[in-house]
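Taking the form predicted alone, here's one chain by itself in structure tokens.
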């Protein structure tokens, strides 16, 4: 099998960080978000195809410089094509069936078991579903007694939601689902294609454990906590000479003597945290400087940010080279 990973989208809810860094390369628990998504794939996947859009050249260069255990090919789109258009654009030579993953979903999921379930059902597709309290922001499935999806409603009002089981952004599809997608225009696979596939057999694979759509600052920090708690964080720890508790992941050389760290922190390469500064529940990207006595909590700091001495940054998102 091969896998298509949808890596389009502008990351608007994570601006101003995403003006400089594509969402999929924001580090979460010490590794780019995209790499946590790829970790879900079985080792025997033949090829990963990244359907890229915004900052496609940046993503392609990063993946070349930081290879993973599968061959990776990037297929950029010249204009935004949506989920279905992105699949069609990247679908040449795809396997039958193939994995489809969203690049901003951080979850615990057994794709070996999902593949076995898909083979057993024999339908045109299998969609991973996750149960949530509020299904309004998502695509929601109605299920029969055999976990066959009988209806699929995008972003329903509570009274119209057929269940609380939402599209988790992980699926297995037969290659034939690409055939009806028109070429060269934006297509929502969920709205325009999936309803027509239901009579041919689309089944649910119910996820347990955790799941997070890491598309907003609050959710990306929540996803970081989930990954750390699942021992999926990157290497590192509290920097030498610093105080506090982990988990802390460092992505390169960090200077932080006599600084204090609370739990759930990612530090990019060449970060400097001065004495008496504190960082907690935060993502701090490359070349950022946090000066003496500053306090950074519940925040996302882009590259080359400077937090001035004694300042507090609480619940903020700071873009490249910002000062606070």
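If you're wondering where the values come from, they're calculated on a predicted model, not measured in any experiment. Numbering follows the first chain given and starts at 1.
Just so you know, the form predicted in complex with guanosine-5'-triphosphate exists too; it's not on screen, but the next bit is about it.
J.: 285, 51, 63, 38: which sits within 4.5 Å of guanosine-5'-triphosphate in the predicted bound form by any heavy atom?
T.: Residue within 4.5 Å of the partner: 51.
J.: Please tell me whether any heavy atom belonging to residue 182 falls inside 4.5 Å of a heavy atom of guanosine-5'-triphosphate, as the geometry stands in the predicted bound form.
T.: No - in the predicted bound form, heavy atoms of residue 182 and guanosine-5'-triphosphate never come within 4.5 Å of each other.
J.: Heavy atom to heavy atom, is residue 311 within 4.5 Å of guanosine-5'-triphosphate in the predicted bound form?
T.: No, residue 311 stays farther than 4.5 Å from guanosine-5'-triphosphate in the predicted bound form.
J.: Do residue 11 and guanosine-5'-triphosphate share at least one heavy atom pair within 4.5 Å in the predicted bound form?
T.: Yes.
J.: When the contact criterion is heavy atoms within 4.5 Å, does residue 77 count as touching guanosine-5'-triphosphate in the predicted bound form?
T.: Flag for residue 77 set to yes.
J.: Kindly confirm or deny that 22, 31 and 266 each have some heavy atom within 4.5 angstroms of guanosine-5'-triphosphate in the predicted bound form.
T.: Checking in the predicted bound form: none of 22, 31 and 266 is within 4.5 Å of guanosine-5'-triphosphate.
J.: Heavy atoms, 4.5 Å, guanosine-5'-triphosphate in the predicted bound form: which of 237-245, 80-88, 250-258, 134-142 makes the cut? Say which one.
T.: Within 4.5 Å of the partner lies stretch 80-88.
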